[in-house]
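Let's start with one chain on its own, the form predicted on its own, as structure tokens.
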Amino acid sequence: MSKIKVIPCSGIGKVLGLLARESVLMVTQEKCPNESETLCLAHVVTGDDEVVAKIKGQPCITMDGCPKYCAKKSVEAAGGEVDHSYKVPDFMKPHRGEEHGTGTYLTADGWKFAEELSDILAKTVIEMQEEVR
């Protein structure tokens, strides 16, 4: 069975992008390493043959940092099937007033929020794997 592809936005220099990346890394490296993997969005965008081959026709989850949906649009353009698309700001309402960090550094609140996002992603990965079985 193929691993679910979980692709974050790049969002370089923005805390929302860092939150997206860190939450995806928690899922693919710690919570669901046997069920999921991540790929570099830059390789998706530039059409890297190996990365595009891994995405084409495969179930994917994207985690974007803003409403531009760069990860979602890029994965779709590469032929990936985006089954679930998430956006970091959609989960921020209960975290109003928290300081999450910068584009290169997460605060304690930022790490807690990334953990919360990773729980949502991990749950989605497990649900998608169960659907495939």
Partner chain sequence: MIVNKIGVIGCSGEECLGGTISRLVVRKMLEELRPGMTTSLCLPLFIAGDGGEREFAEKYPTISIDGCSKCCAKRAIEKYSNAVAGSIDISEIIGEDKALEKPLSTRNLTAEHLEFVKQTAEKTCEIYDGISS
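Quick caveat: nothing in here was measured; it's all calculated off a predicted structure. Numbering follows the first chain given and starts at 1.
Keep in mind that the form predicted together with its partner chain is not shown, yet the notes after this line are about it.
(message) For its partner chain, considered in the model of the complex: do all three of 57, 59 and 90 come within 4.5 Å of it, counting heavy atoms only?
(response) So, no: the whole triplet misses its partner chain.
(request) State yes or no: in the model of the complex, is some non-hydrogen atom of residue 94 no more than 4.5 angstroms from a non-hydrogen atom of its partner chain? (result) Heavy-atom contact with its partner chain at 4.5 Å: absent for residue 94.
(message) At 4.5 Å between heavy atoms, is residue 43 in contact with its partner chain in the model of the complex?
(response) Residue-level check for residue 43: yes, a contact with its partner chain.
(message) Even though the partner isn't displayed, in the model of the complex is residue 38 close enough to its partner chain, meaning a heavy atom within 4.5 Å?
(response) Contact check for residue 38: yes, within 4.5 Å of its partner chain in the model of the complex.
(request) State yes or no: in the model of the complex, is some non-hydrogen atom of residue 119 no more than 4.5 angstroms from a non-hydrogen atom of its partner chain? (result) So residue 119 does not count as contacting its partner chain.
(request) Enumerate the residues of 96-120 that have a non-hydrogen atom within 4.5 Å of its partner chain in the model of the complex, in sequence order, or give none. (result) Going through 96-120 in order - heavy atoms within 4.5 Å of its partner chain in the model of the complex - the hits are 102, 103, 104, 111, 115.
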